[in-house]
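What follows is a single chain, given as C-alpha coordinates, in the form predicted on its own.
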Amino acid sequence: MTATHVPGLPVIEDGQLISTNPATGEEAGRVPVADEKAVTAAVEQAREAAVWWQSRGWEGRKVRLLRWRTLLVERIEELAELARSESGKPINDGIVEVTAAVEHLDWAARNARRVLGPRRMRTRLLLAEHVGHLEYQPYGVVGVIGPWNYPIVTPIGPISGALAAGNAIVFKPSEYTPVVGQWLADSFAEIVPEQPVLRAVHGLGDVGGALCRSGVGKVSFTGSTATGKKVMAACAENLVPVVIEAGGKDALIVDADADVPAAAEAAVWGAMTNAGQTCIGIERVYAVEPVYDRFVQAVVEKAGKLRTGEEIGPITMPRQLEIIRDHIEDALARGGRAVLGGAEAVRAPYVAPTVLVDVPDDSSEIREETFGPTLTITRVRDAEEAIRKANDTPYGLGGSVFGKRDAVRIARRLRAGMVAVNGTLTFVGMGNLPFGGVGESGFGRIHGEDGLREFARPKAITVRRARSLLPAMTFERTPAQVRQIVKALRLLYGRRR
(Lines give C-alpha, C1' and ligand atoms only; values in the text may rest on other atoms or scores of the structure.)
Protein backbone atom coordinates (compact mmCIF):
# COMPACT_ATOMS: atom_id res chain seq x y z
CA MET A 1 0.00 0.00 0.00
CA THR A 2 1.41 3.39 -0.97
CA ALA A 3 1.19 6.59 1.01
CA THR A 4 1.96 10.25 0.45
CA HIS A 5 4.87 11.83 2.36
CA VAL A 6 6.95 14.98 2.20
CA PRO A 7 8.24 14.91 -1.41
CA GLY A 8 11.76 13.48 -1.66
CA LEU A 9 12.38 13.31 2.08
CA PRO A 10 13.33 9.81 3.29
CA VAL A 11 11.48 8.65 6.39
CA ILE A 12 12.22 5.80 8.79
CA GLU A 13 9.17 4.04 10.22
CA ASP A 14 9.06 0.71 12.06
CA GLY A 15 12.59 -0.17 11.07
CA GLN A 16 12.04 0.58 7.41
CA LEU A 17 13.40 3.34 5.19
CA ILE A 18 10.60 4.79 3.10
CA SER A 19 11.66 6.34 -0.21
CA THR A 20 9.44 8.91 -1.89
CA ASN A 21 9.21 10.62 -5.25
CA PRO A 22 10.52 14.20 -4.93
CA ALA A 23 7.94 15.50 -7.39
CA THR A 24 4.81 13.96 -5.90
CA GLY A 25 5.63 12.58 -2.46
CA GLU A 26 4.30 9.22 -3.58
CA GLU A 27 5.97 6.27 -1.92
CA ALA A 28 8.49 4.54 -4.20
CA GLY A 29 9.26 1.63 -1.90
CA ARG A 30 10.57 0.46 1.46
CA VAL A 31 13.74 -1.28 2.55
CA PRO A 32 14.88 -2.51 5.97
CA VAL A 33 17.21 -0.23 7.93
CA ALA A 34 20.47 -1.81 9.03
CA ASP A 35 22.11 -1.14 12.39
CA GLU A 36 25.81 -1.53 13.18
CA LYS A 37 25.36 -5.20 14.05
CA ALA A 38 23.63 -5.89 10.74
CA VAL A 39 26.36 -4.10 8.79
CA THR A 40 29.05 -6.13 10.55
CA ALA A 41 27.16 -9.35 9.82
CA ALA A 42 26.81 -8.43 6.15
CA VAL A 43 30.55 -7.80 5.88
CA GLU A 44 31.36 -11.12 7.57
CA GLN A 45 29.06 -12.99 5.19
CA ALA A 46 30.57 -11.10 2.25
CA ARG A 47 34.05 -12.10 3.42
CA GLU A 48 33.13 -15.77 3.07
CA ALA A 49 31.44 -15.05 -0.25
CA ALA A 50 34.59 -13.32 -1.49
CA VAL A 51 36.60 -16.52 -1.12
CA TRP A 52 34.07 -18.38 -3.22
CA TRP A 53 33.81 -15.58 -5.78
CA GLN A 54 37.58 -15.35 -6.18
CA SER A 55 37.75 -19.11 -6.72
CA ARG A 56 35.55 -18.71 -9.82
CA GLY A 57 38.63 -17.37 -11.60
CA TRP A 58 38.80 -14.69 -14.27
CA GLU A 59 36.61 -16.54 -16.75
CA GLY A 60 34.00 -17.59 -14.22
CA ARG A 61 33.57 -14.03 -12.97
CA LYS A 62 33.51 -12.68 -16.51
CA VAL A 63 30.69 -15.03 -17.50
CA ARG A 64 28.54 -14.03 -14.52
CA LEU A 65 29.19 -10.31 -14.94
CA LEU A 66 28.26 -10.44 -18.61
CA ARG A 67 25.06 -12.26 -17.71
CA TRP A 68 24.26 -9.47 -15.27
CA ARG A 69 24.98 -6.96 -18.02
CA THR A 70 22.50 -8.75 -20.26
CA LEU A 71 19.87 -8.77 -17.52
CA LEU A 72 20.22 -4.99 -17.17
CA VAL A 73 19.70 -4.59 -20.90
CA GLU A 74 16.67 -6.89 -20.88
CA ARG A 75 15.06 -4.94 -18.05
CA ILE A 76 16.29 -1.47 -18.92
CA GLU A 77 12.82 0.08 -19.05
CA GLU A 78 11.94 -1.41 -15.66
CA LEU A 79 15.07 -0.03 -14.04
CA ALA A 80 14.68 3.39 -15.68
CA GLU A 81 11.08 3.57 -14.49
CA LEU A 82 12.17 2.68 -10.96
CA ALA A 83 14.75 5.49 -11.08
CA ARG A 84 12.01 7.86 -12.23
CA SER A 85 9.64 6.85 -9.44
CA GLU A 86 12.34 7.28 -6.79
CA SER A 87 14.39 10.26 -8.01
CA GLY A 88 11.93 11.94 -10.36
CA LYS A 89 14.34 11.98 -13.30
CA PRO A 90 12.82 11.69 -16.78
CA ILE A 91 12.56 8.13 -18.06
CA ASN A 92 14.84 8.84 -21.02
CA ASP A 93 17.57 10.08 -18.66
CA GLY A 94 17.27 6.81 -16.77
CA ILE A 95 17.69 4.83 -19.96
CA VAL A 96 20.84 6.78 -20.85
CA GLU A 97 22.14 6.13 -17.33
CA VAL A 98 21.59 2.38 -17.63
CA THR A 99 23.31 2.45 -21.02
CA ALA A 100 26.45 3.97 -19.51
CA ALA A 101 26.34 1.48 -16.64
CA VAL A 102 26.18 -1.43 -19.08
CA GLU A 103 29.23 -0.08 -20.92
CA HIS A 104 31.32 0.03 -17.74
CA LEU A 105 30.16 -3.39 -16.61
CA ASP A 106 30.98 -4.93 -19.97
CA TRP A 107 34.44 -3.34 -20.13
CA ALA A 108 35.42 -4.39 -16.60
CA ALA A 109 34.29 -7.98 -17.17
CA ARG A 110 36.18 -8.31 -20.44
CA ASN A 111 39.42 -6.63 -19.39
CA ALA A 112 40.02 -7.61 -15.77
CA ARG A 113 42.26 -10.55 -16.58
CA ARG A 114 44.39 -8.54 -19.00
CA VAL A 115 44.86 -5.69 -16.54
CA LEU A 116 45.14 -7.61 -13.28
CA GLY A 117 46.41 -11.02 -14.33
CA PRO A 118 49.86 -12.20 -13.12
CA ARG A 119 52.83 -11.24 -15.24
CA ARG A 120 56.58 -11.75 -15.32
CA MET A 121 58.78 -8.69 -14.82
CA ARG A 122 62.24 -8.08 -16.24
CA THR A 123 65.11 -8.33 -13.78
CA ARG A 124 67.60 -5.59 -12.92
CA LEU A 125 71.33 -5.42 -12.20
CA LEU A 126 71.22 -5.76 -8.42
CA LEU A 127 69.35 -9.07 -8.57
CA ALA A 128 70.25 -10.45 -11.98
CA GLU A 129 69.89 -14.00 -10.69
CA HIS A 130 66.22 -13.45 -9.78
CA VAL A 131 63.05 -13.23 -11.82
CA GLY A 132 60.22 -10.91 -10.77
CA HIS A 133 56.51 -11.59 -10.78
CA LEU A 134 53.66 -9.08 -10.35
CA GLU A 135 50.14 -10.03 -9.47
CA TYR A 136 47.06 -8.23 -8.18
CA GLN A 137 45.08 -9.69 -5.32
CA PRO A 138 41.57 -8.57 -4.33
CA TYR A 139 40.95 -6.81 -1.03
CA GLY A 140 38.28 -9.34 -0.09
CA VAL A 141 35.33 -7.11 0.74
CA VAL A 142 34.87 -3.62 -0.70
CA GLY A 143 32.37 -1.16 0.72
CA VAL A 144 30.62 1.02 -1.86
CA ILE A 145 28.72 4.13 -0.73
CA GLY A 146 26.64 5.44 -3.60
CA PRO A 147 24.93 8.75 -4.43
CA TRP A 148 21.33 9.60 -5.23
CA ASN A 149 21.78 11.71 -8.36
CA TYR A 150 22.92 8.81 -10.57
CA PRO A 151 21.92 5.78 -8.50
CA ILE A 152 22.60 3.29 -11.32
CA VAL A 153 25.73 4.18 -13.27
CA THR A 154 27.71 5.75 -10.44
CA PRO A 155 27.73 2.76 -8.06
CA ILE A 156 28.04 0.26 -10.90
CA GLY A 157 31.39 1.89 -11.75
CA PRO A 158 33.19 0.74 -8.60
CA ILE A 159 30.97 -2.32 -8.18
CA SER A 160 31.87 -3.66 -11.63
CA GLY A 161 35.58 -3.01 -11.12
CA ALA A 162 35.64 -4.53 -7.65
CA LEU A 163 33.65 -7.60 -8.67
CA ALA A 164 35.78 -8.19 -11.76
CA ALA A 165 38.89 -7.99 -9.56
CA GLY A 166 37.53 -10.77 -7.34
CA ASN A 167 36.04 -8.86 -4.40
CA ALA A 168 32.66 -9.17 -2.75
CA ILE A 169 30.67 -5.96 -2.20
CA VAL A 170 28.64 -4.48 0.62
CA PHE A 171 26.76 -1.60 -0.97
CA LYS A 172 25.20 1.29 0.94
CA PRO A 173 22.94 3.21 -1.48
CA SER A 174 21.87 6.76 -0.75
CA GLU A 175 18.90 7.04 1.59
CA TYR A 176 17.21 9.01 -1.21
CA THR A 177 17.41 6.11 -3.71
CA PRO A 178 17.55 2.88 -1.69
CA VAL A 179 15.02 1.04 -3.84
CA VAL A 180 17.17 1.33 -6.96
CA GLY A 181 20.16 0.15 -4.93
CA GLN A 182 18.28 -2.87 -3.65
CA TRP A 183 17.13 -3.66 -7.18
CA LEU A 184 20.75 -3.78 -8.33
CA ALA A 185 21.69 -6.15 -5.51
CA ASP A 186 18.63 -8.35 -6.11
CA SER A 187 19.22 -8.54 -9.86
CA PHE A 188 22.84 -9.60 -9.30
CA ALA A 189 21.62 -12.28 -6.90
CA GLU A 190 19.51 -13.68 -9.74
CA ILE A 191 22.73 -14.25 -11.68
CA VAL A 192 24.85 -15.28 -8.67
CA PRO A 193 22.47 -16.99 -6.22
CA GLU A 194 25.08 -19.21 -4.55
CA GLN A 195 26.69 -16.61 -2.26
CA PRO A 196 25.95 -13.02 -1.10
CA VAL A 197 28.66 -11.56 -3.33
CA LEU A 198 26.79 -8.24 -3.64
CA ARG A 199 24.74 -7.17 -0.62
CA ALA A 200 22.92 -3.91 0.07
CA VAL A 201 22.58 -2.30 3.50
CA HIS A 202 20.33 0.69 4.04
CA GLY A 203 19.99 3.67 6.29
CA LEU A 204 21.25 7.17 6.95
CA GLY A 205 24.78 8.43 7.44
CA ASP A 206 25.38 6.28 10.51
CA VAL A 207 25.09 3.16 8.34
CA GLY A 208 27.77 4.51 6.01
CA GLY A 209 29.96 5.18 9.04
CA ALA A 210 29.40 1.66 10.30
CA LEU A 211 30.42 0.29 6.90
CA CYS A 212 33.66 2.29 7.03
CA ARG A 213 34.46 0.79 10.45
CA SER A 214 33.24 -2.74 9.70
CA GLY A 215 36.53 -4.28 8.59
CA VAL A 216 36.12 -3.93 4.82
CA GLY A 217 39.33 -3.93 2.81
CA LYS A 218 38.57 -0.71 0.94
CA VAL A 219 35.79 1.86 0.57
CA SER A 220 34.64 3.63 -2.58
CA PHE A 221 32.57 6.73 -1.92
CA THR A 222 30.68 9.05 -4.25
CA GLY A 223 28.98 12.13 -2.87
CA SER A 224 29.61 15.60 -1.54
CA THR A 225 33.05 16.81 -0.52
CA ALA A 226 31.87 17.39 3.06
CA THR A 227 30.59 13.83 3.42
CA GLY A 228 33.69 12.50 1.67
CA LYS A 229 35.84 14.02 4.41
CA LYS A 230 33.72 12.25 7.04
CA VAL A 231 34.15 8.96 5.19
CA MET A 232 37.91 9.49 5.09
CA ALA A 233 38.00 10.22 8.82
CA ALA A 234 36.04 7.07 9.66
CA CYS A 235 38.21 4.93 7.40
CA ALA A 236 41.39 6.46 8.82
CA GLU A 237 40.63 4.93 12.22
CA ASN A 238 41.69 1.54 10.81
CA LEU A 239 43.80 2.75 7.87
CA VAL A 240 41.19 1.54 5.39
CA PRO A 241 42.08 2.89 1.93
CA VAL A 242 39.45 4.92 0.12
CA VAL A 243 38.45 6.16 -3.30
CA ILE A 244 36.73 9.53 -3.00
CA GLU A 245 34.69 10.92 -5.90
CA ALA A 246 33.32 14.17 -4.56
CA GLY A 247 31.84 17.40 -5.87
CA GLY A 248 32.81 19.68 -8.70
CA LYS A 249 32.39 23.12 -10.21
CA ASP A 250 33.24 22.22 -13.77
CA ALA A 251 33.99 24.82 -16.39
CA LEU A 252 33.52 24.98 -20.15
CA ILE A 253 35.88 27.14 -22.22
CA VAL A 254 34.60 28.43 -25.58
CA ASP A 255 37.51 29.55 -27.75
CA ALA A 256 37.37 31.99 -30.66
CA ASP A 257 37.28 29.29 -33.34
CA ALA A 258 34.62 27.18 -31.64
CA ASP A 259 31.49 25.92 -33.36
CA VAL A 260 29.18 28.21 -31.39
CA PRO A 261 25.85 26.39 -31.97
CA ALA A 262 27.45 23.07 -31.04
CA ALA A 263 29.08 24.61 -27.97
CA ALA A 264 25.75 26.09 -26.86
CA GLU A 265 23.93 22.81 -27.31
CA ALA A 266 26.59 20.94 -25.32
CA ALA A 267 26.62 23.61 -22.60
CA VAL A 268 22.87 23.35 -22.12
CA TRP A 269 23.08 19.55 -21.94
CA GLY A 270 26.06 19.61 -19.60
CA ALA A 271 24.46 22.15 -17.28
CA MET A 272 20.80 21.13 -17.32
CA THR A 273 20.72 17.33 -17.67
CA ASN A 274 19.38 15.61 -14.56
CA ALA A 275 18.18 19.07 -13.48
CA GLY A 276 21.81 20.08 -13.02
CA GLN A 277 22.30 17.46 -10.30
CA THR A 278 25.49 16.14 -11.85
CA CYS A 279 28.90 16.19 -10.18
CA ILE A 280 30.54 16.64 -13.58
CA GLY A 281 27.87 19.10 -14.74
CA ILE A 282 28.93 22.34 -16.39
CA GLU A 283 28.30 25.15 -13.91
CA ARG A 284 30.63 27.83 -15.36
CA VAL A 285 31.35 28.93 -18.93
CA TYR A 286 34.21 31.19 -20.02
CA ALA A 287 33.61 32.43 -23.56
CA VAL A 288 36.16 34.62 -25.37
CA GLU A 289 35.02 38.03 -26.58
CA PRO A 290 34.65 37.28 -30.33
CA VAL A 291 32.02 34.60 -29.69
CA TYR A 292 30.59 35.65 -26.32
CA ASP A 293 27.42 37.43 -27.48
CA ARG A 294 26.51 34.76 -30.04
CA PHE A 295 27.13 32.03 -27.49
CA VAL A 296 24.94 33.65 -24.80
CA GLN A 297 22.13 34.15 -27.30
CA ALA A 298 22.33 30.53 -28.47
CA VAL A 299 22.37 29.16 -24.91
CA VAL A 300 19.36 31.23 -23.87
CA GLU A 301 17.46 30.15 -26.96
CA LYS A 302 18.17 26.46 -26.43
CA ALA A 303 17.74 26.41 -22.64
CA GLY A 304 14.53 28.41 -22.91
CA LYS A 305 12.93 25.60 -24.89
CA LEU A 306 13.42 23.02 -22.13
CA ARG A 307 10.21 22.04 -20.39
CA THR A 308 10.38 21.98 -16.60
CA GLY A 309 8.70 18.83 -15.34
CA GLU A 310 9.56 16.96 -18.54
CA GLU A 311 13.16 17.40 -19.73
CA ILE A 312 13.99 19.10 -16.40
CA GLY A 313 13.02 16.88 -13.49
CA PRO A 314 12.60 17.81 -9.83
CA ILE A 315 15.36 18.61 -7.35
CA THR A 316 15.74 15.37 -5.44
CA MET A 317 16.93 16.74 -2.07
CA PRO A 318 14.51 19.37 -0.70
CA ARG A 319 17.27 21.28 1.12
CA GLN A 320 19.14 21.71 -2.17
CA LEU A 321 16.41 24.09 -3.31
CA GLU A 322 17.54 26.63 -0.71
CA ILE A 323 21.16 26.34 -1.82
CA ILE A 324 20.22 26.95 -5.45
CA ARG A 325 18.05 29.93 -4.53
CA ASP A 326 20.77 31.40 -2.31
CA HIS A 327 23.36 31.10 -5.08
CA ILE A 328 21.11 32.79 -7.64
CA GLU A 329 20.16 35.60 -5.26
CA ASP A 330 23.78 36.16 -4.25
CA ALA A 331 24.80 36.43 -7.91
CA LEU A 332 22.05 38.96 -8.63
CA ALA A 333 22.77 40.96 -5.50
CA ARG A 334 26.42 41.29 -6.53
CA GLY A 335 25.59 42.74 -9.93
CA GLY A 336 24.93 39.63 -11.99
CA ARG A 337 22.07 39.51 -14.47
CA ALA A 338 19.65 36.69 -15.25
CA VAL A 339 19.20 36.44 -19.01
CA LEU A 340 17.00 33.39 -18.42
CA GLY A 341 15.19 32.39 -15.26
CA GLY A 342 16.38 33.89 -11.99
CA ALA A 343 15.31 33.67 -8.36
CA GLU A 344 11.69 33.14 -9.44
CA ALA A 345 12.80 29.99 -11.27
CA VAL A 346 12.95 28.14 -7.93
CA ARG A 347 9.50 26.71 -7.37
CA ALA A 348 9.62 23.54 -5.31
CA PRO A 349 10.26 20.87 -6.24
CA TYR A 350 11.51 22.27 -9.55
CA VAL A 351 14.04 24.83 -10.69
CA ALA A 352 13.60 26.19 -14.20
CA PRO A 353 16.72 26.64 -16.37
CA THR A 354 18.61 29.75 -15.29
CA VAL A 355 21.43 31.50 -17.16
CA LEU A 356 23.41 34.23 -15.42
CA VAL A 357 25.94 36.72 -16.82
CA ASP A 358 28.20 39.39 -15.30
CA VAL A 359 28.51 37.32 -12.12
CA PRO A 360 31.45 38.35 -9.88
CA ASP A 361 34.22 35.79 -9.42
CA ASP A 362 33.81 35.76 -5.64
CA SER A 363 30.09 34.96 -5.64
CA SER A 364 28.81 31.63 -4.34
CA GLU A 365 27.42 30.88 -7.81
CA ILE A 366 31.00 30.87 -9.10
CA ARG A 367 32.84 29.50 -6.06
CA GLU A 368 30.54 26.81 -4.66
CA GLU A 369 28.84 23.76 -6.14
CA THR A 370 25.24 24.70 -6.97
CA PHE A 371 23.91 21.32 -8.13
CA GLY A 372 20.97 22.74 -10.01
CA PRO A 373 20.03 23.75 -13.57
CA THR A 374 21.94 27.04 -13.46
CA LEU A 375 24.78 28.28 -15.63
CA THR A 376 27.04 31.31 -15.42
CA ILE A 377 28.63 32.66 -18.60
CA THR A 378 31.62 34.96 -18.23
CA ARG A 379 33.22 37.06 -20.96
CA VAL A 380 37.04 36.70 -21.16
CA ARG A 381 39.68 38.32 -23.38
CA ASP A 382 41.28 35.12 -24.58
CA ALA A 383 41.89 31.45 -23.79
CA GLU A 384 44.67 32.30 -21.33
CA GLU A 385 42.27 34.25 -19.14
CA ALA A 386 39.71 31.48 -19.50
CA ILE A 387 42.19 28.85 -18.31
CA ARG A 388 43.21 30.99 -15.35
CA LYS A 389 39.61 31.54 -14.24
CA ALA A 390 38.59 27.93 -14.87
CA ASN A 391 41.44 26.71 -12.66
CA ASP A 392 40.66 29.20 -9.88
CA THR A 393 38.66 26.72 -7.82
CA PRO A 394 39.36 24.21 -5.06
CA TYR A 395 37.58 21.59 -7.15
CA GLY A 396 39.05 19.69 -10.07
CA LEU A 397 36.68 17.02 -11.36
CA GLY A 398 35.88 17.52 -15.04
CA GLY A 399 35.69 20.20 -17.68
CA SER A 400 35.16 20.91 -21.36
CA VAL A 401 36.71 22.91 -24.20
CA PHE A 402 35.15 23.94 -27.50
CA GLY A 403 37.50 25.05 -30.24
CA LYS A 404 39.66 23.82 -33.08
CA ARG A 405 43.34 24.75 -33.27
CA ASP A 406 44.19 24.98 -29.55
CA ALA A 407 41.40 22.95 -27.94
CA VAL A 408 43.49 19.95 -26.89
CA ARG A 409 46.29 22.20 -25.62
CA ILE A 410 43.77 24.06 -23.49
CA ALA A 411 42.30 20.79 -22.24
CA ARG A 412 45.72 19.61 -21.05
CA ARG A 413 46.17 22.79 -18.99
CA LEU A 414 42.88 22.51 -17.11
CA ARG A 415 43.31 21.34 -13.51
CA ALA A 416 40.84 18.49 -13.74
CA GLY A 417 40.81 14.73 -13.82
CA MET A 418 38.82 14.60 -17.06
CA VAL A 419 38.19 16.99 -19.95
CA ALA A 420 35.91 16.67 -22.97
CA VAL A 421 36.88 18.47 -26.19
CA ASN A 422 33.97 19.62 -28.36
CA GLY A 423 31.54 17.83 -26.08
CA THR A 424 30.43 17.75 -22.44
CA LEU A 425 30.36 14.82 -20.00
CA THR A 426 31.42 12.44 -22.78
CA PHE A 427 34.29 10.89 -20.82
CA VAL A 428 31.82 9.21 -18.47
CA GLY A 429 30.56 7.05 -21.34
CA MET A 430 33.92 5.46 -22.16
CA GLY A 431 34.50 2.37 -20.04
CA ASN A 432 38.21 2.31 -20.81
CA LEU A 433 38.92 5.80 -19.41
CA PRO A 434 39.51 6.53 -15.70
CA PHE A 435 37.02 8.70 -13.84
CA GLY A 436 37.97 10.89 -10.89
CA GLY A 437 39.25 14.27 -9.83
CA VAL A 438 41.83 16.27 -7.94
CA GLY A 439 41.71 18.73 -5.05
CA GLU A 440 38.38 18.87 -3.25
CA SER A 441 36.87 16.71 -5.98
CA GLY A 442 38.64 13.73 -4.42
CA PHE A 443 41.24 11.19 -5.44
CA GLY A 444 41.51 7.66 -6.77
CA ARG A 445 39.81 6.44 -9.92
CA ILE A 446 36.95 4.26 -11.04
CA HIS A 447 36.47 2.94 -14.60
CA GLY A 448 39.18 1.80 -16.98
CA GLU A 449 42.47 0.13 -16.10
CA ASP A 450 43.16 2.54 -13.25
CA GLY A 451 39.71 1.79 -11.84
CA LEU A 452 40.33 -1.95 -11.88
CA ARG A 453 43.66 -1.51 -10.10
CA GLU A 454 41.97 0.49 -7.34
CA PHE A 455 40.27 -2.69 -6.18
CA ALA A 456 43.27 -5.03 -6.07
CA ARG A 457 46.53 -4.93 -4.12
CA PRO A 458 49.67 -5.16 -6.23
CA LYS A 459 51.90 -7.94 -4.94
CA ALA A 460 55.54 -8.41 -5.91
CA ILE A 461 57.25 -11.81 -5.83
CA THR A 462 60.91 -12.49 -6.62
CA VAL A 463 62.24 -15.99 -7.35
CA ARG A 464 65.92 -16.92 -7.38
CA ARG A 465 66.72 -18.85 -10.53
CA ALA A 466 70.54 -19.09 -10.43
CA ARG A 467 73.61 -18.50 -8.32
CA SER A 468 74.45 -14.82 -7.68
CA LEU A 469 77.11 -13.54 -10.08
CA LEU A 470 77.41 -10.24 -8.21
CA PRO A 471 76.22 -11.05 -4.70
CA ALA A 472 75.14 -7.72 -3.24
CA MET A 473 72.44 -8.64 -0.75
CA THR A 474 74.44 -10.88 1.54
CA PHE A 475 77.01 -10.50 4.31
CA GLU A 476 79.16 -13.07 2.51
CA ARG A 477 80.11 -10.77 -0.34
CA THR A 478 83.83 -10.13 -0.72
CA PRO A 479 85.67 -6.84 -1.32
CA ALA A 480 86.50 -8.04 -4.82
CA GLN A 481 82.81 -8.66 -5.56
CA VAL A 482 81.93 -5.18 -4.31
CA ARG A 483 84.51 -3.74 -6.70
CA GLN A 484 82.90 -5.74 -9.51
CA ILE A 485 79.51 -4.30 -8.61
CA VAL A 486 80.87 -0.74 -8.75
CA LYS A 487 82.56 -1.47 -12.09
CA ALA A 488 79.34 -2.87 -13.56
CA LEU A 489 77.36 0.08 -12.21
CA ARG A 490 79.69 2.60 -13.82
CA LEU A 491 79.67 0.68 -17.08
CA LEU A 492 75.88 0.61 -17.27
CA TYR A 493 74.83 3.88 -15.67
CA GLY A 494 77.92 6.03 -15.19
CA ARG A 495 78.16 7.73 -18.59
CA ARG A 496 76.62 11.19 -18.97
CA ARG A 497 74.41 11.68 -21.97
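Please read these numbers as outputs of a predicted model, since none were measured by experiment. When you see a residue number, it is the position in the sequence shown, counting from 1.
Below, we turn to the form predicted in complex with a small molecule, even though it does not appear here.
J.: Counting only heavy atoms and a 4.5 Å cutoff, which of 259-267, 322-330, 243-251, 357-365 contacts the small molecule in the predicted bound form?
T.: Correct option: 243-251.
J.: Closest heavy atom of residue 115 to the small molecule in the predicted bound form, within 4.5 Å or not?
T.: Although the small molecule is absent here, residue 115 would stay clear of it in the predicted bound form, with no heavy atoms inside 4.5 Å.
J.: Are any of the heavy atoms in residue 336 no more than 4.5 Å from a heavy atom of the small molecule in the predicted bound form?
T.: Result no; residue 336 lies far from the small molecule in the predicted bound form.
J.: So in the predicted bound form, is the small molecule close enough to residue 221 to count as touching (4.5 Å, heavy atoms)?
T.: Judged by the heavy-atom cut-off of 4.5 Å, residue 221 is in contact with the small molecule in the predicted bound form.
J.: Any chance residue 317 has a heavy atom within 4.5 Å of the small molecule in the predicted bound form?
T.: Yes, residue 317 sits close enough to the small molecule in the predicted bound form that at least one of its heavy atoms falls within 4.5 Å.
J.: Ok, 394, 205, 215, 132: which has a heavy atom sitting within 4.5 Å of the small molecule in the predicted bound form?
T.: By the 4.5 Å heavy-atom cutoff, the listed residue in contact is 205.
J.: With the small molecule left out of view, which of 149, 167, 374, 160 would have a heavy atom within 4.5 Å of it in the predicted bound form?
T.: Of 149, 167, 374, 160, the residue with a heavy atom within 4.5 Å of the small molecule in the predicted bound form is 149.
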